[in-house]
Structures are given as structure tokens and as C-alpha cells.
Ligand SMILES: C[S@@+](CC[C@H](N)C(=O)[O-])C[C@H]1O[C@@H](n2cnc3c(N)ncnc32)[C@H](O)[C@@H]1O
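Let's start with one chain on its own, the form predicted on its own, as C-alpha cells.
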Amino acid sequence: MTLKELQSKFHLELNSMYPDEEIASFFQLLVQDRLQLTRVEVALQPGLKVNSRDMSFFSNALTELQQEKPIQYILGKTEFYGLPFKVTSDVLIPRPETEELVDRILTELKEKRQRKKDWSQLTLLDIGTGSGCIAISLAKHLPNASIYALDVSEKALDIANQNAKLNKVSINFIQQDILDSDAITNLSKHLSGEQKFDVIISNPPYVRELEKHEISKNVLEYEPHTALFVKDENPLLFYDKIADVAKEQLSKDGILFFEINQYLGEDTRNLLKEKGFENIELTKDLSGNERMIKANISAQ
């Protein structure tokens, strides 16, 4: 089969499930990964023969796409904030809105460093790191920072560790359930003396069960539910616990950043206010949804 014929096969067999632009993107990602051909090279070589071994790869990928498996899991990798990341079904696929959170954090820290020289060497904690995308992206842009990344899942931490090596950054990984009663005590063991975190970041599970009908099949069937969903009756469970951790573990001028449920912005703001946080700022993502919140620990 030629490259052009294979491309036509993809469009013919997937056109009832995906838009043409998305099918074209799938095909190009697979061709680039398997055959190392750019979009221009594909256009210039429509008659290129695809050998049987490569055809087996494309046939398997086509079947998985028909089953709505995410292309990132098919390839075993994705890109986040301009960096390569390995992904498996043990970790969430990094989202564009989380890239916005990283960008928001870096902008805030740049402004902070300009005002306070002692903020050039920071200690950061990423709670619920998953693939490590937040911690690793920050590490690439904050080379003098000490960065810790926590997750309850041993398998997720294995992927995150691989991603740290892939991107040549040093991260201190911690396996811990942040909901455990001894979480604060255990975190203290990883710091020396009176040291505290200057920044705590978390993108915890925040999708309520009642919102499942809004979630696409490829997410529901393939991505880890424990990293996505919370019970309807206690949707701010993780925010509540992490805020308590932050009150104990943030430095005097420390900052707490959350990615949040777009429907629970005010609820999250009120929770932080009740716990004594100040300078609480809700930020919308590029789609106009309230997606990020920043707060400082009270100086009192």
C-alpha cells in the first residue's frame, strides 16, 4: 500500500467518528513517529510504499482510534509546554489549560523575583504530579529551584521519573497520599530544619460525578478515574486538605496555585478565604472558564 492509499484508508474508516482535520492530524503524528516523515515529505512522496511491518503498526493504530483510544496513549507520548513527555494509561494526558497554569506561575514568579532578590532560589512542591508535566516544565524554566513532586500512585511516579530524565531535570519525587492524616508530618521530613516551600501547586481531581456526561468517551474509557473524579457531596476534598498542608508548609511569602473546576471557582475562593488565605485571585483560561486560582498565606 502506498502512503497516499494509507492516508485515504484512515479518512474513509474514521470519517464517521472524527473531523477531517483531526484525522489528518492523527495520520501525520503516526507517520512522523513511525516513518520520520514531515508533512511536506508526505505530500511530496504520495507513492511511497509502506512495508508490511509498518502496515501492521498503522493497522493497529487505526483499530485503536476506532475504539476512541487517545492518540497520545497510542503513541505513548505527547508534548506539554514545548517539552516531550511519556504517557500511559496510569497518568492523565496533560491539558492545554494546565499549560496556562504553568505559564501563570512562571509569570508570577518572574515578577516576584524582580521585587525580591531572595526569590531567585525557590523550593516548590507539585501535589498530584501524575506525568510530572507541571514540575518538570517549571524545573526547565527555574534551574536554580528545588522542586518536589508528590503522587499517591507508584506507577505515575515511575512515568514522572522517566519524564524527568527525558527532559534532563532533577525532581525530588515523593510517594504519599495527600489525604492521609500524617501527610504534613511526612512532607516535613523531606525538608531540612526550618525550611518550607515557597510555592505549592496542585491540579487535583476536581470533576464531579454529576459532570461525567460532559466528558468524552476517550477520556472516560482510557484515562485514570482516580486522577479525574471526586464525589458530588465533597467536590473540594483535595483543595481543603491541600490548603491545610499549605498553611503549615508554605513560607511567609509563599504562594498557593490551583487548577480548579470551572463551576466551583467561587466555592474554592470561599474555602481559601475561610482558611485565612489572602490576595486570592481567580483567573480564566483562554476559553473563558475560571480555571486557576492563586492565594497567599496570611502573614498573621
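A residue's number is simply how far along the shown sequence it sits, counting from 1. Source: prediction; values computed, not measured.
We do not show the form predicted in complex with this ligand, though everything after this point is about it.
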Point to revise | this ligand contact at Q162 in the predicted bound form, heavy atom, 4.5 Å | key: no
Check your understanding: Though only this chain appears here, would T226 touch this ligand in the predicted bound form if you measure heavy atom gaps against 4.5 Å?
Key -> yes
Review point. Could you tell me if D177 has a non-hydrogen atom within 4.5 Å of this ligand in the predicted bound form?
Key: yes
Review point. Does T123 reach this ligand in the predicted bound form, with heavy atoms at most 4.5 Å apart?
Key: no
Exercise for review: Just one of 69 to 77, 86 to 94, 191 to 199, 138 to 146 has residues with a heavy atom within 4.5 Å of this ligand in the predicted bound form, so point it out.
Suggested key: 86 to 94
Check your understanding: Which residues in 149 to 173 have a heavy atom within 4.5 Å of this ligand in the predicted bound form?
Key -> L150, D151, V152, S153
